[in-house]
Ligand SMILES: Cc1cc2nc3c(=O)[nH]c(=O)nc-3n(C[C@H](O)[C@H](O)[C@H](O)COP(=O)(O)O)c2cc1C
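Before any questions on binding or motion, here is one chain by itself as structure tokens, the form predicted on its own.
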Amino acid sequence: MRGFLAMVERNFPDEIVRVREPVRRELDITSTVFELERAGRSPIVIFERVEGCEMPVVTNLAGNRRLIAAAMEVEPSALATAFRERCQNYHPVERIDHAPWQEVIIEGDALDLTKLPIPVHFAVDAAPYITAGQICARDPETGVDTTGFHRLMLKGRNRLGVSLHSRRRMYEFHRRAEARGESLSAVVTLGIHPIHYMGSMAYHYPPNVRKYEIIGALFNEPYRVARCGTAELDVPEGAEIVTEGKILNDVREPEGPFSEFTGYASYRSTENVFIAERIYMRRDAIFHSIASGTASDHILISCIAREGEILNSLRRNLPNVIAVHVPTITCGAFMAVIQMRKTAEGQPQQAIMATFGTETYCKCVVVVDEDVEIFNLADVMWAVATRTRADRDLVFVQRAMGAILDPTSDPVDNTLTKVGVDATKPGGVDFAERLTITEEQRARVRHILSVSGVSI
């Protein structure tokens, strides 16, 4: 995280905002991010003075596509392609003996999670929530570990409520441990690089591959980790705060509501419990929080990861697919736009079905031609309005599995109807000619405006 902050400070100084006025843990931190977004900005925000706490808070670390692209050393439009290509080149970790997060160890009666500046993000939240906590644990059967985000509700000095609602690897690891009558040893890591976020959200890979190996692939070098605690779980060298503990077996307690990525309060939870046994941290630790709800900080990285996963899947059978965009304004999950150079009828429908098969959360897919700018939703909707014939170009998939947090999914079986939209020009017939302005003409008028004192 500190390396990322240094890069932004050096190359994009206007994209770091330091708040020196005292702020409350209740609402102020996340509300600031939303107020900046309403003003059209998404900078990293560092709160230097949080009431009742000695530790500063950093948030909105991953809310800006341009900054993520700079960290990956690619153009913003190339992020999905870079994710797709790098994720296939796994790098074994590099294990080190000592890490900065080992400088301070807190345990026993001194352990008190309530002293951390854990925010209340929205008024609906049941309690303060750790949102940037990456939980790492091992499969009790194979020994292969995983890492990923799961919301953590502050319940007491050493007690956190946790929901494993993604029902992916961590959920399965805990289920397997519970079947043995065991708790699942785990660590919660705070203060990581946004590229780590991205790698932790890769889902389509062999079961024997570690998430840390994918993260290393995204960095183009081995990821540096150090062993933590009695379970000797690997933790990133650059972490700020690490909490060692376990997810209890056969214990369920109410957890939530929480302000989820859908923009709604979520009352659904697996109701698990994490007990903290030891805290490790840097002497000058910075608390990392992710703004919840529909903040870009919460969903942009998942957009990029989903774009890469969908692109990887589509390119296997449709090499004429050019790009994929998962917009943040559709909760970073529920809609995907596919750009393709259509060479035969039926290809958009094939892309629609493949996308639904790849990304469970996605419930609306729009396929457009190569002349449509997929990062410009006004252009996408223009294509839908002028190229879609409702009787022929809409695809419905009924009773498909949806996201458990989607408020439109069936509360009993979690299914819903998904829709695909073919917004490509019909093949084999002459079609209306689109109005265009050449790049040369655009450059000319930009110059005219510039010398006239008009900035755009």
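Remember, it's a predicted structure, so these values are computed and weren't measured experimentally. The first residue of the sequence shown is number 1, and the count goes up from there.
Another form, the form predicted together with this ligand, is not on view; read the next lines as being about it.
Undergrad: Quick check on this chain: which one of His121, His196, His298, His325 has a heavy atom within 4.5 Å of this ligand in the model of the complex?
TA: It is His298 that has a heavy atom within 4.5 Å of the partner.
Undergrad: Of the options Lys211, Arg282, Arg84, His174, which one has a non-hydrogen atom that comes within 4.5 Å of this ligand in the model of the complex?
TA: Contact with this ligand in the model of the complex is made by Lys211 alone.
Undergrad: In the model of the complex, does Val337 come within 4.5 Å of this ligand, counting heavy atoms only?
TA: Residue-level check for Val337: no, no contact with this ligand.
Undergrad: Is Phe356 a contact residue for this ligand in the model of the complex, using a 4.5 Å heavy atom cut-off?
TA: Phe356: no, not in contact with this ligand in the model of the complex.
Undergrad: Given that the partner is absent here, does Pro128 sit within 4.5 Å of this ligand in the model of the complex, heavy atoms only?
TA: Pro128: no, not in contact with this ligand in the model of the complex.
Undergrad: Does any heavy atom of Gly148 come within 4.5 Å of a heavy atom of this ligand in the model of the complex?
TA: Contact with this ligand, yes.
Undergrad: Where does this ligand sit in the model of the complex: which of 96-104, 344-352, 201-209, 375-383, heavy atoms within 4.5 Å?
TA: Within 4.5 Å of the partner lies stretch 201-209.
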